[in-house]
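Single chain ahead, by itself, as structure tokens, in the form predicted on its own.
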Amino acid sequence: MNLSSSRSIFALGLGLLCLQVPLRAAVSRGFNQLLDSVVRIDVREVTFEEGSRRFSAGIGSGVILSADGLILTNAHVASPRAVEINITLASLEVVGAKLIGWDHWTDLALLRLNLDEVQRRGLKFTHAELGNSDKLLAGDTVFAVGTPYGLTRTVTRGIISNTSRPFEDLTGVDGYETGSFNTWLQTDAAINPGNSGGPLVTEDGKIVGINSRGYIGADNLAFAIPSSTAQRIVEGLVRNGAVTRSYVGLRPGPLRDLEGFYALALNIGVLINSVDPGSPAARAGLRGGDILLAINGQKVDGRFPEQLPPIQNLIANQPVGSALKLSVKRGTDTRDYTVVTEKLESRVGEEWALEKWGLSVRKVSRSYARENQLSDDTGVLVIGVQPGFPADVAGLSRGDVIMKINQQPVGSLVVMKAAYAEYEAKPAPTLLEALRSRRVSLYILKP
């Protein structure tokens, strides 16, 4: 190698180094700003268990998204059960916050810092940006940031293991359903209890996911909600405080390995695994074993489990009350069905504790009534009984559905609360009519 060549190689290396330095500096600025936007969330919430009102505390993570103090976190970190929410900023100062809205279907919740308190105390905070999770590839480097086991602003490094993992959990968020309408990012970055709600980010500090859960007992197996999903949910929660979805009552299943039984070509249609009793789909005449070919003329392909959440989301995103034209194959016949959507509801209704009776109850939701083949959604479900209290002595048990109180139909929790208020003011025997295993029995609560 001559001297001239050596000088040329040295110059090239020096040029590359000069390019890397500002690039590294830019990446560091973005990542450090992201770190300063990650917060610890301490939540105190109320639950209604075993016939009494109980308080519990939990720790999670979140990330500030805007200059007006919006914080994105998990629904299982901050829910409507929260009675107190405190945020620890990067400066280690603690500020109160309130819940703006939550969406248990995607395990996301939105908080807002108490800006009056921030201004009064002269505190500062930074915010981060949502990136585009749709551009991620398996093998991309990512970092999980959060508060595992209370250790604030902890960073763990890993890769994207899978970009579209189906993960439906029917009782994943305090008994609420989650995961029906989106796929998840899978990562091997360490996510531990307390990481929930923190951001999954790229090297330049862009948020590509919100950390949600890891498999206990498994190594390097964790999941995050994609930022593309989070962006839509944040917009809905800011606008309305909730995300409204449509429901028709179809339970889809993958068609893989079943095409031959239905005389179908590959990648055509989705199996209707079951139909909820009394749902719009059931009333329209659809049934389990049918093959859904198209929705409003748009063909659907549900051969694999990963393809089912987008199909469910297509229905859910229709306006409530929409008339959907579903093209369905049954045997050798294909025909169209018109199904009018209803508002999607959770199986979990409002809860309350009637403590002097030792009784915890939950409003029967329309979804719960259909799943359990009840005639309607009248009544309240017994979810807890305190041993030795009047409800226990009378013989009530978890799972009973109280239909009447003092011969008055229980159409809402308001009726139960009013009867309980009368009991508190003037204790007297109270007559309950409850359904158990499709049989109605009478119970007397004695003072």
Partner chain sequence: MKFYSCLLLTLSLAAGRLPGAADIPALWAERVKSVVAVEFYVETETDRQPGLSYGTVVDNNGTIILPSAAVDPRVSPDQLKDFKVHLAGETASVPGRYLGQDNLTGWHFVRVDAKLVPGLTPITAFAAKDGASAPGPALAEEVWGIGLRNKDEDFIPYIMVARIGLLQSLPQRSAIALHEIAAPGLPVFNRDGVLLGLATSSFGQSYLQFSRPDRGGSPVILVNVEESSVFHLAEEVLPYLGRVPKNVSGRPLAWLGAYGLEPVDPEVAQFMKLDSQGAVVISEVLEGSPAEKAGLKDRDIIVALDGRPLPRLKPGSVVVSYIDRELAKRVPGDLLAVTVMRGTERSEVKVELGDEPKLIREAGRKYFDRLGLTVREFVYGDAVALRVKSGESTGVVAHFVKPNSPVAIAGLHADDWIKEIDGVEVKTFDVAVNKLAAIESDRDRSEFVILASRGGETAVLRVKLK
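Keep in mind that what you see is a predicted model, and the values were worked out from it rather than measured. Positions refer to the first chain, counted from 1.
The protein also exists as the form predicted together with the partner chain; that form is not presented, and the subsequent description refers to it.
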Contact of G288 with the partner chain in the model of the complex (heavy atom, 4.5 Å): yes
Contact label in the model of the complex: S274 to the partner chain, heavy atom within 4.5 Å: yes
Heavy atom of D219 within 4.5 Å of the partner chain in the model of the complex: no
Contact flag, R251 vs the partner chain in the model of the complex, heavy atom cut 4.5 Å: yes
Contact assignment for the partner chain in the model of the complex, among L115, V155, L258, L151, heavy atom within 4.5 Å: L258
Stretch in contact in the model of the complex with the partner chain, which is absent here, among 340 to 348, 274 to 282, 229 to 237, 303 to 311 (heavy atoms within 4.5 Å): 274 to 282
Contact check for Y262, Q373 and R439 against the partner chain in the model of the complex, heavy atom at 4.5 Å: yes
Heavy atom contacts to the partner chain in the model of the complex at 4.5 Å, residues of 403 to 433 in sequence order: M403, P429, L431, E433
